[in-house]
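Quick setup: one chain, the form predicted on its own, written in structure tokens, and binding and motion questions come after.
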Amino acid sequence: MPVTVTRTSWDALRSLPTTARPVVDPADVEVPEGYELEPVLVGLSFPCGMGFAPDGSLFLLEGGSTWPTRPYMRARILRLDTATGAMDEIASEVLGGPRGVTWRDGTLYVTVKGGRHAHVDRIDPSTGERTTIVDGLPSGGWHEPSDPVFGPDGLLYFGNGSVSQNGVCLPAGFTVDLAKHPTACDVPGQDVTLTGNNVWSRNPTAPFPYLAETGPFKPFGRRAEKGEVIRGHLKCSSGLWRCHPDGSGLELLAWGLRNPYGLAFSEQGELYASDNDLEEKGERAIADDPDRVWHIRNARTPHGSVSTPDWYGFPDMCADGLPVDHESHRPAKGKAAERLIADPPPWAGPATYLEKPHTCFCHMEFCRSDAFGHRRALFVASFGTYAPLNTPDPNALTRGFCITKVDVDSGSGEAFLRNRRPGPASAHPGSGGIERPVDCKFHPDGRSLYLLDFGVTAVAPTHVVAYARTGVLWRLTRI
């Protein structure tokens, strides 16, 4: 389907009709010396991922909106010719939309949040014909399927986040997809024995004053028993898999990854995953869990050889290697967490890189080009905090909202691109800088890094509001 794209002037970008984001101006963004930032597209709705074809075609994912707390927006896959500016629509989604995309041999591979289950689709961009190659991944709650990426072995790698936010399905989940899928819950990647610690909460499905007791790996309102064994499944939540390009040979490499939204292979063939921290709110609250980048060790093993997946800690371990009930993770907001698993598997940490809590690491990519510079560095889109909703820590209010450059060998990192004033541009009326970076990918010419900006999301102590038509695609070029 054709999509209307209108070229405009720089002056017009200072008086856009989207009142939530009336100004887009790269002069408000601090970039490294020798680089130039420019807006490529404005007016996108909830963009959440992108990927290049070798000819420079850029496939953009608009995630849509299916949460009951947001107006409905249709999810789409758009194709942008970065040479001419022409754009068309490849496909659309009715349920939870696409989250990650990659190109291989003339075919698009797309991860889709879906409804009750997430899936991986193969799409012919010339006809729009779609084939679902992996289905039945637990979804219907909070978190997302990841980037799909191809490894040096020609296999397809992808992940899928947790259904619950902090390990137990709780009332906050009814503000997102759990309202439509109230029996959805987390599924472990291997057998686990429960401690019997349940969580009491209000019951949004019944009139006041009824309360509900919910256990881990259970739908909302169902309690767990001490010593109860929950069987692990190949298609679990918080998992990471690989398979052949037709979906056969599915193998679980890891689980316990809370929200592994970004996946990327280094030039050395090592696989890394971004992951978001547990949150300091609600009836199972955890403070100061760092955002992180994990090294997925099992990606180096021969296909079909992993008998036991690695466990990265969710729902009982923080990324610093301490349990959720450790004194250093005691929350200032919400009820302190108790451990849920009585026989936790060996922890697969430590993390390759730890970032401050509530930075919200998203999609990422390694630089493979001397033309851009910083070859072998990992560039991560940092969406930015949901404080004060997800933590009362005032220091978290301006975390993220940048592109972070990570050295995976030394475990160090720094902001590579960010606004001149802290936080999102909308925090400073009249500013036209970036809002919420959600993806960054290198153009095949190796000279430019494209930055996908989700758009304006206003955060209050009790809720968030995301605004359609405020997403922006930026391009950072070495000059």
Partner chain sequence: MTDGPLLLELDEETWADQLDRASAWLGNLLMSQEKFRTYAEDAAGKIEEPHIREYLREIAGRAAEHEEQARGLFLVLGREPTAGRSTAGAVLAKGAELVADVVGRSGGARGNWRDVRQLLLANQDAIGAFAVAEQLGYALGLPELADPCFRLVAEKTKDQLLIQEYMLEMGPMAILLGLDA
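Numbering follows the first chain given and starts at 1. Everything numeric in this text was worked out from a predicted model, so none of it was measured.
The following text describes the form predicted together with its partner chain, which does not appear among the structures shown.
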Item to check | Region of this chain that lies against its partner chain in the predicted complex, out of 341-349, 84-92, 371-379, 216-224 [heavy atom, 4.5 Å] | outcome: 84-92
Checklist entry - Are any of the heavy atoms in Glu30 no more than 4.5 Å from a heavy atom of its partner chain in the predicted complex? => result no
Item to check | Non-hydrogen atom contact Cys360 with its partner chain in the predicted complex at 4.5 angstroms | outcome: no
Checklist entry - Hey, in the predicted complex, does Leu41 get a heavy atom within 4.5 angstroms of its partner chain? => result yes
Next on the checklist: So in the predicted complex, is its partner chain close enough to Arg418 to count as touching (4.5 Å, heavy atoms)?
Outcome noted: no
Checklist outcome for this item: Applying a 4.5 angstroms cut-off on non-hydrogen atoms, the residues of 181-211 near its partner chain in the predicted complex are Phe208
